[in-house]
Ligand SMILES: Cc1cc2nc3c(=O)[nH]c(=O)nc-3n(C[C@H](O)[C@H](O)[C@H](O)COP(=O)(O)OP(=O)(O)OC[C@H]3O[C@@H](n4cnc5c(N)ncnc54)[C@H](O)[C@@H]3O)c2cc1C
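Below, in structure tokens: the form predicted alone, a single chain.
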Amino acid sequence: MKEKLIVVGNGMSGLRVIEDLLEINKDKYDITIFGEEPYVNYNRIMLSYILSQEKTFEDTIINHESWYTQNNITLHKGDKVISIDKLNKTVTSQNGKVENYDKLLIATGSKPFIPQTVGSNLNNVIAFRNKADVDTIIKTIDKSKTAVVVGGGLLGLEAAYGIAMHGVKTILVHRSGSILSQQLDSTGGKLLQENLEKYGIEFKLNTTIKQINGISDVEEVEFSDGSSVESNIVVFATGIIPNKDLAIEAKLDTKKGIIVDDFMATSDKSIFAVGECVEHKGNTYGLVAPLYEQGKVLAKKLADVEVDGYSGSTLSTRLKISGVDLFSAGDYLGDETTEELILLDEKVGIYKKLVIYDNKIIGIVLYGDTADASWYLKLLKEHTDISDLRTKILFGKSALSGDSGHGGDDVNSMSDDEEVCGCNGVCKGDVVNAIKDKDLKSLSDVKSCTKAGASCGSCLGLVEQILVNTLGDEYNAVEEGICDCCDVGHKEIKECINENEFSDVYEVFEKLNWKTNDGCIKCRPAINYYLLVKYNDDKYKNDKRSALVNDRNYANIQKDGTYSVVPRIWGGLTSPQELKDIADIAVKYDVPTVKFTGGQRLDMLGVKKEQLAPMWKDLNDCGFVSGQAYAKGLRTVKTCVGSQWCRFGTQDSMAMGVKLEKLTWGSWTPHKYKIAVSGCPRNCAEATIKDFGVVAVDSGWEIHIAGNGGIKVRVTDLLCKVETDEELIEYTKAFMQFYREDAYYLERTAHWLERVGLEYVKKIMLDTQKREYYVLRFEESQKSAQVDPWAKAIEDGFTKEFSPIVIKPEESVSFEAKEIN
């Protein structure tokens, strides 16, 4: 007969114990879990991504309802355990449930600390600790008022960043003179502050809140420096307190937290505790990695497997803010007995500091370049003597191996015991062995099996490199599910759509056994795109609910919540009248910024959403159509002045650019698509870094494909040379349609070509019959594609685009992200 195990707490540390336990022995216990929050197990450390709207709540769910069902675990959501009867071994919940146990695990986490000050009891004085807090913040913040965040630690910075991303003025108040003072020295803090100020966050250092004013809600905040600000929300991120209330009630031994031994047992040997609520050898922990280390020990203990006891953790941390690379570990400050190795380049924003004692690293601060973080941490943990490494150690591992220029991303240079995922304590060897022993083929397989990359996600790139390095060519053949809603990849979805008839995305979901009723922001746009390409818009109506936000609004939303409006400028050519029209409209709507784009257009930035429709109409009246600067479709056709004006020009690049843009605009493509036409090999239009590049030569035109000028620059490959304009137009149509039909959604031409190979593309494009086939397909699709979305939106009534998408959440049985309690 199975023993009865009750877990109090449905958070990350408690559930990690259960996951590890099930890996060792899934038959030992009947498991019941009580969770105070009304949700399944989600990744709390990703709350900042939900707040900044870089991820949805769905993205943060670790275990869905199906996981509990599959493992025969009883989950009581939204039901808090309020007492423990140690004598009779029972727990009682707030809803009146009484359950007996043989073993009890307390994983109640921690509570936020909100210092008592005048006004701290007002509405909208909140913490930043759980999903409900995030929901409240998003609901409360107001662009006409300033948000105040208190606390310059990890949570405070992430909260401030998340709020600022909504275009809300945000003031961060911190008692110390430097932010992140528990993880960074003053130099690192200064660099980080300068970076965050670019996001619009204002800092008040050496400052505290004097009082918060308001009748029932927050209305004004007064600071200790004598200033004040009108505000309607104050977010406190000023620390956490181990949640030991239940343990105190049960008369277990407690101090700062619940006292546990090396095997996570409390003063009652039938009761264990893990996570932020415990105190081990005088230490409490608020980072996830130590909690998972505790969990590994406890899982083996509960499974009756021999295990060395938990001996404490070396703390390291990364900041979870997009575009900010920061890592610190150990004693980063040092003292008079230590020495420091420092590399500082303020101009490029790189700061590295190693604190050394007795020729061993005891502290690490990395800002701007964290590629070698796991290597430095390994040296720290292993107490490695670095006497022979001192002169080059700050330049990274690659400098020592003579591989400078390839950087620390080379996984071949990593040893098996080098840490890959700090959140979960997973080393390279763990990942490699899991791939080999368990025949893992995809990134999601590795995440699921090893947990590497499954928490904050900052190491996913490195995990994927290990996967590629271990599988070699086999990795290319792997199809991954496009999201957690399904087990099928793009290839299988496209085949299914091409072989069957569908009228909407839901029929595809049903056919392919989707796990969720409504899909998500990853799969819905992809399915919608594949249906559009198959049927064209005259037979399948574009499902706006499945479009990404910019495609839905026909404008790019900017960081402050306003929009940018970009009229199409054919081939980059304009006229004095067109410039005057744009200028008049910009003045009429008080546009704060007008900028030339890299694609030779004019971008009007700072347009309010209520101005969009009338501004579009005015532009339409002047003959402009949308430049579709937001679209997964043709963006621009860039040109040089060519033979009309240039002494070196051999062909009329401007005329050809206009012709190509009028030919291709409006067409949906897997990702944004750019064309350029250069009038001579001097290539002033930079055609060799475009998706489709045309370069004039004396004998005609060179056609280049699959270039990219983005984060990773890729120079085009030469497809062929043609002699006439007619041939060039034919290839333009055929290549664009071939890319539309063959590539995966959100796959740029550069990535597509690298996946399928140049020879494959050439084989299709240089075959006359196949080329003609794609030309006809393209011409047919363009009959319904070349509709100006601005004019159509005005005609249809431009209002619903700004309403949240609601897809009958009450009818959804699997999409926990829609829970509204």
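We number the residues from 1 along the sequence you see. Quick caveat: nothing in here was measured; it's all calculated off a predicted structure.
What follows is about the form predicted in complex with the named molecule, which we do not show.
Enquirer: Please tell me whether the candidate spot formed by 34, 80 and 275 is one where all three residues come within 4.5 Å of the named molecule in the predicted bound form (heavy atoms).
Expert: Affirmative, all three are within 4.5 Å.
Enquirer: Would you mind picking the one in 486, 246, 426, 302 that has a heavy atom within 4.5 Å of the named molecule in the predicted bound form?
Expert: Answer to the contact question: 246.
Enquirer: Which of 662, 97, 145, 129 has a heavy atom within 4.5 Å of the named molecule in the predicted bound form?
Expert: Only one listed residue qualifies here, and that residue is 129.
Enquirer: Is it the case that residue 172, even though its partner is missing from this view, gets within 4.5 Å of the named molecule in the predicted bound form, heavy atoms only?
Expert: Residue-level check for residue 172: no, no contact with the named molecule.
Enquirer: Given that the named molecule is not shown alongside this chain, does residue 12 nevertheless sit within 4.5 Å of it in the predicted bound form, heavy atom to heavy atom?
Expert: Output for residue 12 is yes: heavy atoms within 4.5 Å of the named molecule.
Enquirer: Quick one: does residue 355 come within 4.5 Å of the named molecule in the predicted bound form, counting heavy atoms only?
Expert: The answer is no: residue 355 has no heavy atom within 4.5 Å of the named molecule.
Enquirer: With the cut-off set at 4.5 Å between non-hydrogen atoms, does residue 8 touch the named molecule in the predicted bound form?
Expert: Answer yes; at least one heavy atom of residue 8 falls within 4.5 Å of the named molecule in the predicted bound form.
Enquirer: Please pick out the stretch from 203-211, 326-334, 508-516, 106-114 that is in contact with the named molecule in the predicted bound form, where contact means heavy atoms within 4.5 Å.
Expert: Only one stretch passes the 4.5 Å heavy-atom test: 106-114.
Enquirer: Taking heavy atoms and a 4.5 Å limit, what residues of 739-761 are near the named molecule in the predicted bound form?
Expert: Contacting residues: none.
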